[in-house]
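A single chain comes next, written as structure tokens; it is the form predicted on its own.
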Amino acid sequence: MNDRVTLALPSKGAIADPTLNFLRDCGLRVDKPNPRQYTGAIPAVPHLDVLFQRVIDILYKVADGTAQLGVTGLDVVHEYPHDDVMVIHEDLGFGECKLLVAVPESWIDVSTMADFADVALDFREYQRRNIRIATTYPHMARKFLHGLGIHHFTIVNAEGAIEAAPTIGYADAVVDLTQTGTTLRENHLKPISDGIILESQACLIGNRGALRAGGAALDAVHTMLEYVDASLQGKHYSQVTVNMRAANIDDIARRLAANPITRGLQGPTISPIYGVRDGDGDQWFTITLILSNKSLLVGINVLREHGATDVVVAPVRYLFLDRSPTFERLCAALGEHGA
């Protein structure tokens, strides 16, 4: 029985380096002995081999079982759906972009998809042809337009600088990925406000059959998801350490527990600073809390109101819950219980 598992990662493109950086930050450093090689390893995950491929080839490798796991763009998964490919984690927190409909800026009366539908009819009636749409995502483009009742269009399969298609003249509009919209503006295109087809980002995919069979593939993804979930959870929190004066530990606990912000994740950890007392008999304590970054300054100000001094804030690298939530969802999707 083969106990080796293969993880396919992007070899080039917009998410290649961000993928390696993300895995490194999660504690899943990829070792690639030679930059020209297409193989590597992740020491933190036993029996896991890394294979570097183009993002679209990653999908195919996972689909045919050559690779059991892969990191690619959600847009690729939706454009080339395959029954044997399942999305394990749909948002790894990088590679964000939008697949959308964009038209020339000169179409000043076109700002919604309803306006676009009217233009498509005008092309058909007055120019005796369909409106031409350049894209590398024909499947999603057709599905989106048909869903809006727009049928008079022709898909122009294009590669390279799709945004230039209307200027060159071989298309009238485009369906393309964009991160900031800068390239669209540079080519005098504008996105349609309700023309977003998909909000995409990097995702972790797996071969359904290999994962359902359990064994090495499921063990490898379990290890990866423990690190990934803990790292992503940790980004939302900070560890706060302060010194505070009080008559006793119970006094501090009551004061901090009264406010849900300073209660932290599981309540404060309070330790006495031995040998340090004020003239009035109060003792000094060190308090450690895990606070949400969204309310970090609010929480610090509450602590200050209670006399906190010497506030030290440190990022939380990992926050391991009792179980990996993503792995639990994966097991449920596979029909595995207690895997």
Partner chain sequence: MSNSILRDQTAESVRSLATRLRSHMALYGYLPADAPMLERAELFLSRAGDQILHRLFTFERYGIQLALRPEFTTPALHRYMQELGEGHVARWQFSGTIFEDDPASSQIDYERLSIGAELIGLGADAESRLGADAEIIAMAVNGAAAAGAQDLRLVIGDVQLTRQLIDSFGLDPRTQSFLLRHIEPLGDPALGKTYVLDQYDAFLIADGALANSGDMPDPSNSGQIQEILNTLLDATERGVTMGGRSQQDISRRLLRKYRHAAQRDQIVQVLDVLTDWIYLGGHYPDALAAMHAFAPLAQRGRAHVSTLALLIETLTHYGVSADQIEIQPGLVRDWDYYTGVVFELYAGDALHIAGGGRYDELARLIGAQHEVPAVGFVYYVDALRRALSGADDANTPVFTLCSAQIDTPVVVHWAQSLREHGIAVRLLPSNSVDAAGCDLTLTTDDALRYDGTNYAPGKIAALVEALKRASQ
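Just so we're clear, the structure is a prediction, and the values are computed from it rather than from any experiment. Positions refer to the first chain, counted from 1.
The next section is about a form of this same protein that is not shown, the form predicted together with its partner chain.
Is it the case that P104, S111 and H146 all touch its partner chain in the predicted complex, with a non-hydrogen atom of each within 4.5 angstroms?
Yes, all three are in contact.
With its partner chain left out of view, choose which of C97, I88, L232, A117 has a non-hydrogen atom within 4.5 angstroms of it in the predicted complex.
By the 4.5 Å heavy-atom cutoff, the listed residue in contact is A117.
Quick one: from Y227, F123, Y80, Y237, grab the residue that has a heavy atom within 4.5 Å of its partner chain in the predicted complex.
That would be F123.
Tell me the stretch among 238-246, 67-75, 203-211, 183-191 that has any heavy atom within 4.5 angstroms of its partner chain in the predicted complex.
Checking each option against the 4.5 Å cut-off leaves 183-191.
Wondering, does A171 line up within 4.5 Å of its partner chain in the predicted complex on heavy atoms?
A171: contacts its partner chain in the predicted complex.
Spell out, yes or no, whether the shortest heavy atom distance between P166 and its partner chain in the predicted complex is within 4.5 Å.
Output for P166 is yes: heavy atoms within 4.5 Å of its partner chain.
Please determine whether R129 contacts its partner chain in the predicted complex, using a 4.5 Å cut-off between heavy atoms.
Flag for R129 set to yes.
So, in the predicted complex, is H222 in contact with its partner chain at a 4.5 angstroms heavy atom limit?
Answer no; every heavy atom of H222 is more than 4.5 Å from its partner chain in the predicted complex.
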